[in-house]
Structure formats: C-alpha cells, structure tokens
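Single chain ahead, written as structure tokens, the form predicted alone.
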Amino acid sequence: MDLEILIENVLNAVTAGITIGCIYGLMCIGLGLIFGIMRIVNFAQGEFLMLGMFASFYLVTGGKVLAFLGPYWGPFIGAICAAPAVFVGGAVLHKFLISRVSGLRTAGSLDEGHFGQLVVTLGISLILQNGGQIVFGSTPVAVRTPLSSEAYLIGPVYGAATVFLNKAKLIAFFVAILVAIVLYLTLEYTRLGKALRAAADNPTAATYMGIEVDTAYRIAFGLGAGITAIAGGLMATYISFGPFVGFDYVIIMYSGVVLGGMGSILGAFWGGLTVGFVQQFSALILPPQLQNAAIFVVFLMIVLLRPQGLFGRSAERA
C-alpha cells in the first residue's frame, strides 16, 4: 500500500475513532449510571437508544415539530429534546416494574433481586423491540440533515494525504462532550448528584439521612435512559435505523462499561471511546462483520490483565 494512502487511512481512523467513540462514550454513560447507582444489569438499554432515535426522528423529520430550526440545527436540538420523553418513560418503567425487583425491597433476598432484574429487563427489551416494529414499522429511517453528506477537509497532511471530518459526526461529537460535562458537574456539585451518590454508596444510611432512596433510583434510571436517548438521537443524524437497532449497540455499551470499570461513570465514557477506536482501526484490516469480534478480543485481553477495567478500582462506586 502506498505510504500516503496508509497515512490518510490511519489519520481518518483516528479522527473517526475520537468522534464516534465520544458518542459511544455518552451512550455507555447512560448504562454506567444505572449500574453504578442501582447495580442493575439493564438488558433494555439498547431499546432506550432506539427510542431516542425515533423520538428525534419524529421531532425533526416525521412530525416536523422542530422544522422551524432548519435542517442544520434541528436534528441536534431534536436529539437533546428526545431525552425528556425517554426520561419519563424510564421513570415510569422503574416505578411499576424495575422497583419491584430492585432497591431496598430486595435487600434481604437471597440473590438481591438480580434474577428478577435480568428477567424483567429482558422482557422490557423484547416488548419494546416488537412494540417498536408495530408502531414504527420495519422500514429503516434516518434523521435528514445535509451535514451527514458534507465534510471538512484538513490537509494535505503528508503528500496528498487528507483528513475528512464529517460535519454531522463532528457536531454530534461536541454535543456528546457537552452533555457528558454537564452530567459530570451535576453528579459532583449539585444536591441531586450528592443524593444519587449517597443512595449508591449506602442506601440504608441515605435513608436515615432523609434521602428517598426509591426516588433517587427512579431519577437515576430515568436519567440513564435519557442520556442514552441523546446518544441515539445524535447517531440518527448519520445512520439509518429500525426497531431492532438497539441489539447491535447494547453489546458495545456493555463492552464499554466493563472496559472502563463497572460502577465508574467516567470510566464508562473512556470505555466507549476505547471501543470506538478499536472499531475504527479494525475497519482498516477487517470486514465490517468482524469488527465486533475485534472489540471482544480487546475486551478479553483487558479483562484478563485488569479485571476491574481500565479506569476502575476494585471497590469503586459511582
């Protein structure tokens, strides 16, 4: 392979890994938030991603609610606006289903409710997938924006080697970074964030301090669903999707969370970024159907060498 072509491919893989990896990182934060605070393995997280995509689609393209914002800003505002709807849906699911098999209610049970959590979240996943096919149909759709077919050109960097930055992915990258920073500041410095961390560290002590642990868990579950929905809305600007798209990305989410360190919100973001890098670099030498295999090879290597994850600690809690 010509050196200029090789350098161009590597540089484009680096930039694509950073932009897509940060969106994956935001997606992983949603799952990491739920596990870090509630210790729930949520199989339905991929469907929250799918709901975020369709919520953004109907706000921008299908229902044209945000048509007045135009095709450049509308899709990204729509991705952010998808969060409240999915947040409410997640909170309702927690109130009527998840809370029955989690939290203080199952603290004294033999398995701490984990078997029930697995069955309930898997059931929610299947219901949302098939319900989505009934409501939205099986035809793939996408949020239309001309930015998805436009790119910034950087270079030539070396000879004729040029770096291409897709405009839709670049704006989605900045939105993902902004949302991650706002969430971090909220968890670290606000009264709500302190209550969520107290409920995660010691729910019994938090109850004695006047914190409504079930309410904190409900907010955490809804917040995790909403954050992942934003990531879904951002991804909808440059990919087509259907009701079963969540299954493809739930594997990436769990890989990122485990790579970063179970229970670490910051680690979940870096884990998603790592997955994005591995996926883009593997595309240089592997066909698309084997890219997930490359992710799992790296995943297994890191688990063998550092079981607590890249950025986690053995006893770290969110």
Partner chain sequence: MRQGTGRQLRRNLTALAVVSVAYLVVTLFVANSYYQLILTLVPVWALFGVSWNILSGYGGQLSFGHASFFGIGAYTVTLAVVYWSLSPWLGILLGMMLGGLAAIAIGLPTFRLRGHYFALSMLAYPLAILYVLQYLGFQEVSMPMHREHPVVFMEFSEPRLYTLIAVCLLVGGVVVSLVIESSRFGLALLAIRQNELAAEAAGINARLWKMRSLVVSGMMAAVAGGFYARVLVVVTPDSVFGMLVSAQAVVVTLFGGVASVWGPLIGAAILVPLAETLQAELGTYLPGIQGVVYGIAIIAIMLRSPDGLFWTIRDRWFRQKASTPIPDLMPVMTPPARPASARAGAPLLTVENLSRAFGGLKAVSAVSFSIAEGEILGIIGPNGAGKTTLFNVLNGVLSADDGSAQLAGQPMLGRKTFEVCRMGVGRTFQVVRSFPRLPVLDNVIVGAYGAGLSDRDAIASAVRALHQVGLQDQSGVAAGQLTNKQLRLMELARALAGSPRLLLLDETLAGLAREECDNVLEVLAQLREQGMTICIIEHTMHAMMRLADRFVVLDHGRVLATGLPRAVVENTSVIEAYLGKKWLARQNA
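From a predicted model like this one, the values you see are computed outputs, not experimental measurements. Superpose the two forms; the largest set of C-alphas matching within 1.5 Å is the rigid core. Residue numbers count along the first chain shown, from 1.
Form predicted together with the partner chain: not shown, discussed below.
Comment: the partner chain is not present in this chain, but in the predicted bound form one of Q133, T186, N202, T162 has a heavy atom within 4.5 Å of it, namely Q133. With the partner omitted from this view, the residue of V157, I211, I77, L118 that lies near the partner chain in the predicted bound form is L118 [heavy atom within 4.5 Å]. Residues within 4.5 angstroms of the partner chain in the predicted bound form, judged by any non-hydrogen atom, belong to 289-297 and to none of the other stretches in 66-74, 289-297, 53-61, 272-280. Though the partner is left out of this view, V258 does reach within 4.5 Å of the partner chain in the predicted bound form, counting heavy atoms only. For I127, a non-hydrogen atom is located within 4.5 Å of the partner chain in the predicted bound form, even though that partner is not displayed. Taking the partner from the other structure, the partner chain in the predicted bound form has no heavy atom within 4.5 Å of any heavy atom of A151.
The partner chain in the predicted bound form comes within 4.5 Å of a heavy atom belonging to F247. With contact defined as any non-hydrogen atom lying within 4.5 angstroms of the partner chain in the predicted bound form, the contacting residues in 37-63 are V41, F43, given in sequence order. Here I285 does not count as shifted, since its C-alpha moves by less than 2 Å between the shown form and the other one after the core is aligned. In a rigid-core overlay of the protein, I295 has its C-alpha displaced by at least 2 Å between the shown form and the other one.
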